[in-house]
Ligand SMILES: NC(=O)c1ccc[n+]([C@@H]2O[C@H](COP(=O)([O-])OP(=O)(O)OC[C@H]3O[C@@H](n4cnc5c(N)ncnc54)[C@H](OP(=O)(O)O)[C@@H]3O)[C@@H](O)[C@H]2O)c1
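A single chain comes next, written as structure tokens; it is the form predicted alone.
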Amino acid sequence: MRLEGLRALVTGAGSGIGEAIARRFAAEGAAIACIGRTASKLERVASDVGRSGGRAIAVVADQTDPAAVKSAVAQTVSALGGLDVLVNNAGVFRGGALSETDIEALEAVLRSNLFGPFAFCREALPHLARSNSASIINISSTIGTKPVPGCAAYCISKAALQMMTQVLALEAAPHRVRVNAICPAVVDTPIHRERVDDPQALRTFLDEMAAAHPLGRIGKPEDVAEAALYLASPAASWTTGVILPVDGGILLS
């Protein structure tokens, strides 16, 4: 029970990586606030955690709305009695070359992938500063480090998130709040499956992506959850400002 007694807020907890992190943290003893936009998905995860003997609440919030972020943090602190871990996982993907991306499209991606985590960090920091085991984990992407053509807005947003992580790691260090980021490569989540309607085309896409990773497979949400568990746990008490690839070796290729 590596997170026994800790209280964690996980955004995008209704599916994919966020769901895997919420479930893994709960299994290790943390109380969880599942944050996202779809009540039914959040309530399913929270109910499952409860049936397994854990503690979780569901809070509906759109992280592109600063007022909703403020309310979500306040509800979490009120319900759980404080906050020790913030996981900024929620985000959106929008493809397109820079020449095909207008300002409105870029702004929409930045509002979700950068401004949302920024707002959660600002609202959470005063509460995290009261914790004896505080950390923030931002879920970035390998293509925030290694650019990929045709993904301009997403690459930009994730690169900015990584810099925010490291700036905040320095600023929060005097308060003993650790701040780290995880950079997954291609992970089998709804964000990819929803982009490809045809089953055969999806299979081809997943096979091609698996071959692109030196370890020969795409990631599972649980792969990222295990890395997040380490960063949230006392085992990482001297780790901050790290941009951790969890990528099957793709950044080496």
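In case it trips you up, residue 1 is the first one in the sequence shown, and so on. Quick caveat, the model's predicted, so the values are computed rather than measured.
What follows is about the form predicted in complex with the ligand, which we do not show.
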message = What I'd like checked is whether 63, 89 and 92 together line the ligand in the predicted complex, meaning each has a non-hydrogen atom within 4.5 Å of it.
response = yes
From 46, 31, 186, 227: within 4.5 Å of the ligand in the predicted complex by heavy atoms is 186
None of 70, 37, 55, 217 but one has a heavy atom within 4.5 Å of the ligand in the predicted complex; the exception is 37
Here the chain appears without its partner; judged in the predicted complex, the stretch of 172-180, 72-80, 135-143, 95-103 with heavy atoms within 4.5 Å of the ligand is 135-143
Quiz prompt | Contact test in the predicted complex: residue 16 vs the ligand, heavy atoms, 4.5 Å | solution = yes
Check: Going by a heavy atom distance of 4.5 Å, is residue 212 a contact of the ligand in the predicted complex?
Finding: no
How about residue 199 - does it come within 4.5 Å of the ligand in the predicted complex, if we only consider non-hydrogen atoms? no
(Q) residue 27 versus the ligand, in the predicted complex: is there a non-hydrogen atom within 4.5 Å? (A) no
Contact check, 147-180 vs the ligand in the predicted complex, heavy atom within 4.5 Å, ordered by sequence, gives 154, 158
